[in-house]
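Next up: just one chain, as structure tokens, the form predicted on its own.
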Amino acid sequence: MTDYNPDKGYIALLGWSLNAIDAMEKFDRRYIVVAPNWAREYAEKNDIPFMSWNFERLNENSFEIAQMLKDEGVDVAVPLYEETVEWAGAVNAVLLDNPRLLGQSMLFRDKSLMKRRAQLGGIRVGIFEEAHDRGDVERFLKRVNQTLLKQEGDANDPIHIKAFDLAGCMGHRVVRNVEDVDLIPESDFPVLMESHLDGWEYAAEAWIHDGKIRFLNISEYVRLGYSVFVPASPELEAMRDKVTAEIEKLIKTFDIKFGFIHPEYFIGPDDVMYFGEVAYRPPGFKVFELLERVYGFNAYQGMVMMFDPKTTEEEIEAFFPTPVKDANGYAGCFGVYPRNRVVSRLEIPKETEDHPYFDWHELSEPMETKVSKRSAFGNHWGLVYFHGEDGETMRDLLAAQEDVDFYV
């Protein structure tokens, strides 16, 4: 890209995302991609500004990349994946001369620290503890159910096990009894343990500049790990003021001045909202792409604007649409995981393909015939996309996809 605006910031994208790169190619900011060396050949072949770096772990050389980017003239670093959030904090601490940004990024990476910070800020959270072995998990399961006054013979309330620093559902397990505890591999520890929160789970995406929300989307989960759509249904959007208040509390508690956050909440009895977790990077399940489908704006470009210290108020006002009002219907996607243990081919169900809301899919033919057993929540094999005018129809359609086979 050569026709960038010299009055805007020079952006470093931390991580490899073709959609983010495409967004920057069509934007007015100069940019450079910082990614592992395996991406170099593709970047050079396609004239993508590139700098190689290994993000596997922070070490004594961690600030070397910050100095390299500073020497390059970069103004700010934008994390694209969970694994680059802490790196962005370290880099921006140098580029923006603000050492607190590194400590702040660690709050977004370590779920245990995150929960404690939220609790200190008066945000409602469930019961949580760290576990270093299976014995810790068994004791926590027992204590939680004693607290709930469960009697002998009653079914246990489940607890949730999550990796400290992985994204989304990765490393997430539901534990209901001692037998479930025995299935947790030693390699998973240490983990965060949480009590189960009943209620309606949803996510939000907030673009933040100068400590204020500039655009807020509410994403409605039909089922966590399987399906989501935007904007949320009228029933959930009716709580927008409460959602906004919770996110403003989060911004204050975590002292967020700029950037993008992706928090998750549970709506309990009497519409009380409980904090699940918050990420400082784009959400999974292609929510950015779903937003572009219904609003027309590029969410990656909006994210870069929030990080760029040279962004102006006029630019922000001209860029973002009005939530819900400006949406062109609803866009959703479903993550496909084979229901059969042995498959031979991809076959899109007729009732899915013929539905007027069906948009497209990114599924491919199976590489193997035997489907591995799903570990914890596991990973989907690809997404199926939908777009339509009615939120309730979208919710029902996404739920129905769980009962059909895409691989036979």
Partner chain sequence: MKTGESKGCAVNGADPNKSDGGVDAAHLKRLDAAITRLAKMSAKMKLRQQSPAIDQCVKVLKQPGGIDACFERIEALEHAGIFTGTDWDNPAQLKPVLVRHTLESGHPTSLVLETLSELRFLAIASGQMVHPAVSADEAKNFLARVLGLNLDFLFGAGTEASRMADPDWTATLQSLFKRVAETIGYGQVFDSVIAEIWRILAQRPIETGRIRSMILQLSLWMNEGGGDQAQSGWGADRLISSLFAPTNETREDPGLENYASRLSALDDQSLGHEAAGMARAMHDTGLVSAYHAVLLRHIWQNRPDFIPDVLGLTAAGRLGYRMYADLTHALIEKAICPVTAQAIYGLSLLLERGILHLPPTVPALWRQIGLELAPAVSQRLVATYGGDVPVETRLLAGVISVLGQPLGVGQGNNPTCQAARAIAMWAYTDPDYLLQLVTWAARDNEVRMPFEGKSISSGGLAAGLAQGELLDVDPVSAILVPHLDRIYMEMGRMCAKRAGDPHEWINPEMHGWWVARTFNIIVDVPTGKLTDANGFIRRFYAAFHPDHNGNQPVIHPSPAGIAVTDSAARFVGWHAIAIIRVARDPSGVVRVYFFNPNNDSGQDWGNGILVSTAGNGEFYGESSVPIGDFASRLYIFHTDADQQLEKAPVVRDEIDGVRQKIVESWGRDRV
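Numbering follows the first chain given and starts at 1. These numbers come from a predicted model, not from an experiment.
The protein also exists as the form predicted in complex with its partner chain; that form is not presented, and the subsequent description refers to it.
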In the predicted bound form, segment of 270-278, 318-326, 112-120, 195-203 with a heavy atom within 4.5 Å of its partner chain: 318-326
Is the gap between Y300 and its partner chain in the predicted bound form 4.5 Å or less for some heavy atom pair? no
According to a 4.5 angstroms non-hydrogen atom cut-off, is G15 in contact with its partner chain in the predicted bound form? no
In the predicted bound form, is there a heavy atom of its partner chain that lies within 4.5 Å of any heavy atom of N37, even though the partner is absent here? no
Given that the partner is absent here, does G9 sit within 4.5 Å of its partner chain in the predicted bound form, heavy atoms only? no
Run the contact test on D47, E292 and G391 with a 4.5 Å heavy atom cut-off to its partner chain in the predicted bound form and return yes or no. yes
Residue within 4.5 Å of its partner chain in the predicted bound form by heavy atom, from G296, P99, P185, G73, is G296
Considering G103, P234, P190, G135, which brings a non-hydrogen atom within 4.5 Å of its partner chain in the predicted bound form? P234
With its partner chain taken in the predicted bound form, which residues across 349-367 come within 4.5 angstroms through any non-hydrogen atom? E353, D354, H355, P356, F358, D359, W360
